[in-house]
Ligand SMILES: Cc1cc2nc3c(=O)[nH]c(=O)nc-3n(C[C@H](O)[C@H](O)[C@H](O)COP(=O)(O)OP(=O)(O)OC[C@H]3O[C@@H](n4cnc5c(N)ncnc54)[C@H](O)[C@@H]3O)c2cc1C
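Encoded as structure tokens, the following chain is the form predicted alone, with no partner shown.
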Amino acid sequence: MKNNDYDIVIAGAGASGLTLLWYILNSEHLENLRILLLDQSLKPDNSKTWCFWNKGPFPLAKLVYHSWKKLEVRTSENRFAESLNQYKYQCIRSIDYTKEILYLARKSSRVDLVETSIQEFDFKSEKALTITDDGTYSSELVFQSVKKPKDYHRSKADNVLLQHFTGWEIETSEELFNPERAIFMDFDVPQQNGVTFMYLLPYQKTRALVEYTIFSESLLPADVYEKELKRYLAQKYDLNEESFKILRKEKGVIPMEDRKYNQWYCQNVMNIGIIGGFAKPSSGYAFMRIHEQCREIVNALENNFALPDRPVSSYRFRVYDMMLLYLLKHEPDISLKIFHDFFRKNSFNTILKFLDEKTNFAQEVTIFSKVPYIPFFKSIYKMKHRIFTGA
């Protein structure tokens, strides 16, 4: 008879589910837990590239696909390039991450893997329930990254945007790229659909990932992204369709919104990753925030503490995100000017520290003093009903 009872169910084998599983498997204090990992598909695919920056050693450093010590930002007026003296900018391919962690899971006698569609979560008789096409699984705890919380659409959100993108990993016959320098943002592209930029990660002199990225309220027809990628490669690198080969494609949609996310789906079922609000609202970066959440969860489990149930960001940074989201949504032209001055007047190390929410208030005042400040006063006025009631 199949045993459907576990200590922990991890529902979803994306970045957050796999990361949590990795931290649990590497904990000496949680060796007796029986774990179930569920997802519709547990087949590794090469459809995502997760980028992040960090100072110290990264726990899965062997999976880093490429690393850059130099970043560049381009606008229609200028180019800003800088060597990073505090951080490394790095990327990991989803296929490598998934293969490694699933390999460790399959080696462990205490982890079961099931491919199934997840229908619902519930809590009954002191157990969390995960209801799937394959049956119902009970556990002490569920960590889920597949279903939006029940109160998602009732929670307040004034500024809701999407960061949507399509990327091509290409190979060229000529040496065109600098594999030591990533183009963090290139705003020197048409801006008719919202704040738009290209993102280029060179892996070799002849191979790079280039992504067309937009901050807006709605998606575009699929052919528009590809047309803009072709235009960019032709204008900036003199490449026509015969002079490069597309090795693979990726696309994605990341929520950018000032909504307060609930950490709990229901009793004993915790929301993790993007579903739990761990994508930074004003930038979309989530990978290192997911690692931080998973470390805190495992530390709580190891020490029998309450699971971390706190806002992802402090009040101060929630206000900053709210202000920036308002401007991205309502004032895209001004937003471009802000981005220009932001990168022109601050070091990249300072910017990454600010995006990491590691700056102090005095440093933040200095950062904001170097960009047009009237638009921010306007955003504060427009968002006062949120800012002055706890954001």
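Start at 1 and count along the sequence shown; that's the residue number. Every value quoted in this text rests on a predicted model; they were computed, and no experiment measured them.
Unshown form predicted together with this ligand; subsequent notes refer to it.
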Identify, from the list M256, I118, V210, L71, the residue with a heavy atom within 4.5 Å of this ligand in the predicted complex. I118
Of the residues L60, I334, C51, L355, which one places a heavy atom within 4.5 Å of this ligand in the predicted complex? C51
Partner-proximal stretch of 358-366, 338-346, 320-328, 37-45 relative to this ligand in the predicted complex, 4.5 angstroms, heavy atom: 37-45
So, in the predicted complex, is G252 in contact with this ligand at a 4.5 angstroms heavy atom limit? yes
Should Y285 be classed as touching this ligand in the predicted complex when contacts are defined as heavy atoms within 4.5 Å? yes
Even though the partner isn't displayed, in the predicted complex is L21 close enough to this ligand, meaning a heavy atom within 4.5 Å? no
Report yes if any heavy atom of G14 sits within 4.5 Å of a heavy atom of this ligand in the predicted complex; otherwise report no. yes
